[in-house]
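A single chain, nothing else alongside it, follows as structure tokens in the form predicted alone.
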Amino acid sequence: MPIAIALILLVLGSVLFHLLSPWYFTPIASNWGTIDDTISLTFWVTGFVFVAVNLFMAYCVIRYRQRKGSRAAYEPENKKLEWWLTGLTAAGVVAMLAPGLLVWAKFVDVPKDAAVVEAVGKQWHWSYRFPGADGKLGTVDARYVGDKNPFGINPDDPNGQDDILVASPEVHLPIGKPVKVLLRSIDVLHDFTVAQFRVKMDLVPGLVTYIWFAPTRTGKFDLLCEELCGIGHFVMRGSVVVEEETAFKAWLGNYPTFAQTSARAAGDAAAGKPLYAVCAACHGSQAEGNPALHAPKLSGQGDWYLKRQLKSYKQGARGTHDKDVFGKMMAPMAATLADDTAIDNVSAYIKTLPDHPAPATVTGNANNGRKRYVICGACHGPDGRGVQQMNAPGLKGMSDWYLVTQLKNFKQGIRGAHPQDMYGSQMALMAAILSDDQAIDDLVAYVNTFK
């Protein structure tokens, strides 16, 4: 009897939990309501079977329980029961699979008027490519992938010259218009998933897969990689902003074409030298850094990273947090650089300065830090040189006290919390794995051992 009661309570508890639970699907934001319908149908079919089987088991436990003087009857076959079970099982399977096949037929049939955008996945980052005025995306090939051409666009294909490149994990789409998303991976398996859109698809190296949907409401939606893609899988996040057509076109107009990025001239170090005079007051004439002024070493750092941080200061993505005292000091200094050309020039000049390692000031257990650095090395390189394609700056030879400060800022939400600081928010999640100040000191002490 206790077993029968337990089975009945299990059924009642499961049904009540399903009906009363506050956890369910996020509100849908696309045309794929049929996905919800098929899932609901699956719940009804499997739920009915779950209830029926368990209640039948409870009935059998009570009805055929052991009694004194009774003997069990052996009946190895019951064709009538077997036919009923076979028929009901077949009906249940058909009820679940047939609607799914109809939905799949729509899933692979992309509307002819659907706009096209390419989403590129790479550990651990999303970027996007839109066709230009010709409405065609240029061809790509893995052999063209590099720091200057992260999308791997064929430079000899005229269709690719006007492709619009969005090197950001945030993409915008117009509301109410179907869009076909071509999915391409640069390295390993990834998965493009926005829960509110209901559809998802894997990115497979060497293949171009796709999904399509039509956004039905405006808003900002989280984009996740739902394929275990490596040690930093949990930080591979992005966002999809659905907005009106005019706002979408204005956003897209802010990004360069492939031809523009290819033709962009390198910074002029000679022109950057006088601009650096302002920086030298804190960072030193050779960009060696000055701990007394809380100015880190800049020489030896990748110019691409310096450019990004200077732009972040100018745009308010850094140096605006109330507790970021020294960031607030840096923001007005970055504002003295009038435009992107000035930023390019001063970064080019810093690149010419000698790269002498900053003196070690942090005391920690390098042996303990070596184990922790395994995760950091996946992006920053095993020797801390930094990897541009991973958007990870160099750590080797940099000011160790500054590394400690920034890791603490990331952990405390002082840095990386601004919505425009995409890479900062990613780094904040990674810094959270360092449990305390000692762990940070140990890690940086290990970085100091790089020669």
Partner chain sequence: MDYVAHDASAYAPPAEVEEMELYHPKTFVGKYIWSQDAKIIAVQYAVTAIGIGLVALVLSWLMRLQLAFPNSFSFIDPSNYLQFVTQHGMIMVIYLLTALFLGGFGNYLIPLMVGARDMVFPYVNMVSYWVYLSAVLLLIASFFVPGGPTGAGWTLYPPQAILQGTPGATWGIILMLVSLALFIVGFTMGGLNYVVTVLQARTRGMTLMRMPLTIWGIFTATILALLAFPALLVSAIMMLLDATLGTSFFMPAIVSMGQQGGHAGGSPVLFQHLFWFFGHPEVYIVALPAFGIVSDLISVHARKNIFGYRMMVWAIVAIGGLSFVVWAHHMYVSGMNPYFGFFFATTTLIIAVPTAIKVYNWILTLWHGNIRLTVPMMFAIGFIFTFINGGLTGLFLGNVTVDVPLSDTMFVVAHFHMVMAIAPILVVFGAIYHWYPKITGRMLNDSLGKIHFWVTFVGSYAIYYPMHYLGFAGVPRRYYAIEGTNFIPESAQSLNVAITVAALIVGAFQVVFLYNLLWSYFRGKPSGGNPWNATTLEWQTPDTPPKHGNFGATLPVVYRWAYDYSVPGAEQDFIPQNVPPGEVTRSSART
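Source: prediction; values computed, not measured. Numbering follows the first chain given and starts at 1.
Here the subject shifts to the form predicted in complex with its partner chain, a form of this protein not shown in this document.
With the partner left out here, its partner chain still marks one of 163-171, 283-291, 104-112, 259-267 in the predicted complex; by a 4.5 Å heavy atom cut-off that stretch is 104-112. Proximity of Asp324, Ala348 and Lys396 to its partner chain in the predicted complex is absent: no residue of the three has a non-hydrogen atom within 4.5 angstroms. Interface residue remark: Phe50 is counted as part of the site for its partner chain in the predicted complex, having a heavy atom within 4.5 Å. For Ala133, no non-hydrogen atom is located within 4.5 Å of its partner chain in the predicted complex, even though that partner is not displayed. At least one heavy atom of Thr86 is located within 4.5 Å of its partner chain in the predicted complex.
Put simply, Trp212 is far from its partner chain in the predicted complex: not one heavy atom of it is within 4.5 Å.
A heavy atom within 4.5 Å of its partner chain in the predicted complex is found for one listed residue only; from Val188, Val241, Leu182, Val362, this is Val188.
Contact annotation for 414-451: residues with any non-hydrogen atom within 4.5 angstroms of its partner chain in the predicted complex are Leu429, Met430, Ala432, Ile433, Ser435, listed in sequence order.
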